[in-house]
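Encoded as structure tokens, the following chain is the form predicted on its own, with no partner shown.
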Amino acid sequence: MPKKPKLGQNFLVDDEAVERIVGALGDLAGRTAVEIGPGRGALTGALAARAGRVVAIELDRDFSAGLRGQFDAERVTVVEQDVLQFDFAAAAEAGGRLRVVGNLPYYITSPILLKLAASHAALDVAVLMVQREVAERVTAAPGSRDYGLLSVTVQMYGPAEQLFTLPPSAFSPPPKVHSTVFRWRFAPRFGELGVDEGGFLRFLRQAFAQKRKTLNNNLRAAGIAPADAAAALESAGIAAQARAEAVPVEALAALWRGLRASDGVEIRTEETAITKS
């Protein structure tokens, strides 16, 4: 009797979608592909036919055993582990930067995206399937309804683009939502924008802290004196009543640099708060 799927497990059964997803990774000859949550191996087989090596990260013990019995160990290495604990850098040592693919569980999508961002030095490109609403947020442009902290955080590590959307019928059991595949190319922008990675990300959490408040008010709530906030906003070319969701990342970077350069203004490096010293 087939094992019943656990909460959050919806298996891709659309063969055409499998080919499109793997094809979006580009030429895999001689490359290492890492698959997140292979489950029953729908994508794994297509990857094994194209890649030099496949590393399949699967937390479920039964699925891990099934994958080991299904694929040649010389082609597919099954790692029974939580992807949030996986060492992408170590996996990349043998064959260069990794290509990543996966149908991400809806309930831990954001933590996985942040894990990939933190591992960016080991990664080349990722093709990921997520809930449609999440993909819209990840790929959103400034000023759009879906643009927010997740959008700018992901895009600071490289461009993300939607590829195609699948209906519930492409999965078994069918989920209650549509799923969208997007491609994320890793090319961090911190150096280009003249910002410190850790400090700027903490600043962004403050800038987007309360969606309905203006950027000016969020800065003041974080401890920046009104005069300092006003001067930095003007220097960065940002309107006093602008919300963070409407501001391009280039202008946010200019604002951060202006605040760092202001006399008496300190952006803490160990906490998320921005304070006046």
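When you see a residue number, it is the position in the sequence shown, counting from 1. It should be emphasised that the depicted structure is a prediction, and the values quoted were computed from it without experimental measurement.
Heads up, the form predicted in complex with a small molecule isn't pictured, but that's what we're talking about next.
Using a 4.5 angstroms heavy atom cutoff to the small molecule in the predicted complex, none of Asp146, Thr153 and Glu245 count as contacting. Per the 4.5 Å heavy atom criterion, the small molecule in the predicted complex is contacted by stretch 104 to 112, the sole one of 104 to 112, 70 to 78, 138 to 146, 191 to 199.
Residue in contact with the small molecule in the predicted complex (any heavy atom within 4.5 Å), chosen from Ala91, Ala126, Val83, Val134: Val83. This chain is displayed alone, yet in the predicted complex one of Ala48, Leu59, Ala209, Ala251 has a heavy atom within 4.5 Å of the small molecule; that residue is Leu59. The closest heavy atom approach of Ala236 to the small molecule in the predicted complex falls outside 4.5 Å.
Mapping the unseen interface onto this chain, Leu12 counts among the residues with a heavy atom inside 4.5 Å of the small molecule in the predicted complex. Taking non-hydrogen atoms only, Ala230 never approaches the small molecule to within 4.5 angstroms in the predicted complex.
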